[in-house]
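Below you will find one chain, with nothing else, as structure tokens; this is the form predicted alone, and questions on how it binds or moves follow later.
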Amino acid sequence: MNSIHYPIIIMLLFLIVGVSNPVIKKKFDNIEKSILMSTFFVAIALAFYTFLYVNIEGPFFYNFGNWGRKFGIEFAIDGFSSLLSLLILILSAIIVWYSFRDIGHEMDDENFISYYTIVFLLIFSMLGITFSNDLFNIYVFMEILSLTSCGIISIKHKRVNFLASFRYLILNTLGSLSFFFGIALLYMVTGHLNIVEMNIAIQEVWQVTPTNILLATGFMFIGLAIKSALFPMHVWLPDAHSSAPSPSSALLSGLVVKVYIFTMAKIVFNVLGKEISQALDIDLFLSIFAAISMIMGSIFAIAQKDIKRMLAYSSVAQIGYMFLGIGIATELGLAAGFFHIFSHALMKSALFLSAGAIIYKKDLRDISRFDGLGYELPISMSVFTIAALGMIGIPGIVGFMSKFYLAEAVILAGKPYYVVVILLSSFLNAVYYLPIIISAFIKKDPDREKILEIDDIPRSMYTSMIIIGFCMILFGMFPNLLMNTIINVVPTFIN
């Protein structure tokens, strides 16, 4: 079989399994678990082979029905999209494996099949956004992603979940409309929806219609900022992440927001191109919003008492780092931003899964009651600690390397004042993460014996966390395993 078909086969696998699940299976059992995990194993194998193929043979385009890119649907399979798809599949597989035991604590049995149907369609739409090479189809997959994201929030059928999902739906609908209006403005001046053709046309007309292009980019930025929860357009995120089941929170924060950030990078560098983006000061605009988000997200996180709301606001701050990488508008800056997409996906997934384990075992969300918890749940709290220290920027963990690469990029770009923002954000991260670590491992709770014991939680839950914890240290100690690959693909990404 020709390997250029593999990305399509991967998406079809998730679409077919997701849609057929409720029809074929009425009860969630071990057979169903085997079907779901087998789908992941096959998809990961195909994605890995595609990644190797792209790195050896180079990027390629997939045209459906052999239509030309001016009229047909086209996927662009390049170095970073193949790498991002691999991250989506591997991390989703780990989260789904974790969820098999945790999800029974979160929702009623009759909702299990529906939940995994929604999750598989969510993964399908994320892959669609990652591969699509025309803006209209990106918009279509965004709508699917918005609806499925809403579904994994509201699946618990509780009032707080319905309110959070309704707020998510309203705000993300506004984001979709804003993004769609931006597409319409660009189509008006270029006559194309395909990203390659649109970029060629924009090079010819942007000096004649700069206002249209600037407005279009502004509308698309607002839409993507809402969907990715960039401050101050983040208001849906705290309620959505804190009320959703813990595996849903890990998917939303660890993966879903990343594809929207990747789409922003496509618009800046693939649609407009680096020179036009800088001429219209779009890079400056992105950098300013990124810096504000990095600080304000951390400030709001400090004030939280609920562990999952604190992690949600922390995500707002971390999203700023990724937008800063785009805003720097250099190869190293974009590479650093892409690196942080991966490092944050690992760290935030680990944090939400650790918090989920605490809620599963102790039904505990109040940070002030974490005293001595590290002795009762040492694996969960150790993974939480590793991820938290990575968020702060402690050497040896993948989060430190993200900040190091970003700091190096802003200095080389002649913008050293952003180093101050990075350091300040790291300090604020320490303000709300270190007290939790100290409380869990140093403080003593009179109601808990200070005797170390292995977490009394299902094996699938703590092994999932251990795998992610190992990856955080591996890429923290050997960042070039990932960074070299990203640096190699970035020059082909920036036009």
Partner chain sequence: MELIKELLDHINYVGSATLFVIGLYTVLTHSNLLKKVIGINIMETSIFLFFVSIGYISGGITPIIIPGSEDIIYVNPLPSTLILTGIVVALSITAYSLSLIMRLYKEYGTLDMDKIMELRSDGQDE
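Residue numbers count along the first chain shown, from 1. All values derive from a computational prediction rather than experimental measurement.
Keep in mind that the form predicted in complex with its partner chain is not shown, yet the notes after this line are about it.
The partner is absent here, but in the model of the complex a heavy atom of Leu163, alone among Leu412, Ile292, Leu163, Ala303, sits within 4.5 Å of its partner chain.
With the partner removed from view, the residue among Phe100, Phe112, Phe219, Phe269 that has a non-hydrogen atom within 4.5 Å of its partner chain in the model of the complex turns out to be Phe219. Although the partner is absent here, Gln203 lies well away from its partner chain in the model of the complex, with no heavy atom inside 4.5 Å. Though the partner is left out of this view, Asp283 does not reach within 4.5 Å of its partner chain in the model of the complex, counting heavy atoms only. In the model of the complex, Val420 stays away from its partner chain, with no heavy atom inside 4.5 Å. Remark: Ser154 counts among the residues lining its partner chain in the model of the complex, judged by a heavy atom distance of 4.5 Å or less. The stretch from 261-269, 171-179, 76-84, 399-407 that comes within 4.5 Å of its partner chain in the model of the complex, counting heavy atoms only, is 171-179. Using a 4.5 Å cut-off on any heavy atom, the residues of 131-145 that reach its partner chain in the model of the complex are, in sequence order, Phe136, Tyr139, Val140, Glu143.
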